[in-house]
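The data below hold one chain only, encoded as structure tokens and taken in the form predicted alone.
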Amino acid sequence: MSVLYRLLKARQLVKNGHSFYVSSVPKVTEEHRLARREQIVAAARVCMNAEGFHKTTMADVIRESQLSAGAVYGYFKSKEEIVAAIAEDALSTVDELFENLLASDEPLTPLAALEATVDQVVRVAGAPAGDVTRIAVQAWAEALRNEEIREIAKGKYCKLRGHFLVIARRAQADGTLDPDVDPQHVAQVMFSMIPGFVLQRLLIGDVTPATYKAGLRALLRS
């Protein structure tokens, strides 16, 4: 009995169709799972920033993460799933931004929302694990040949455009936007301002949040 007692304290006694057997049941906390997930996503960001999306392989991510292949594949089955996680992490900060904008009782303008979004893009780009906007640009190109990436990108960008749609409707209610314009059309144009900022910042290099916001103010107040 003493041996069985010690086994039961350390392990779970499991019954199958023929007999009892002892099985170890490791306890993995949610904090541990989140930390491991972030470790993998951060490793993927490093690899994709260094080698590009197309050249980065799951083997590269596994090596950079310093985890076993089994551990990595236990969280993500493919590179595409990791890209979705990177996009989701980046957009979650944007979700918070729009929640804060809409929580204010002050009149809200499309210009104010765009300026805040530009600032948020730069904050996300400056994350220690690597510039996620570089990965976004690569994913745009990859989406033209990879249907799975295209669906991921489409879903994430439609979600962002949906935020601008809410902003446009709020601006109409606040009297800062023409009530007769279709807010969907406004959202389409507002969304297009962000990839334009990202591309110019990365490819041309002479665009800063200050210069871009100055241009937005000149256009939207004219």
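For clarity, every value in this text was computed on a predicted model and none was experimentally measured. Just count from 1 along the sequence shown to find any residue number.
The same protein also exists as the form predicted together with a further copy of the same chain; that form is not shown, yet it is the one meant from here on.
With a further copy of the same chain left out of view, the stretch that reaches within 4.5 Å of it through heavy atoms in the predicted bound form is, among 67-75, 84-92, 138-146, 98-106, 138-146. The closest non-hydrogen atom of His32 lies beyond 4.5 Å of a further copy of the same chain in the predicted bound form. Under a 4.5 angstroms non-hydrogen atom cutoff, a further copy of the same chain in the predicted bound form has His185 among its neighbouring residues. At a distance threshold of 4.5 angstroms between non-hydrogen atoms, Met193 is in contact with a further copy of the same chain in the predicted bound form. a further copy of the same chain is not shown here, and in the predicted bound form it never comes within 4.5 Å of any heavy atom of Arg123. Interface residues of 193-214, taken as those with a heavy atom within 4.5 Å of a further copy of the same chain in the predicted bound form (partner not displayed): Met193, Pro195, Gly196, Phe197, Leu199, Gln200, Leu202, Leu203, Ile204, Asp206, Val207, Thr211, Tyr212, Ala214, in sequence order.
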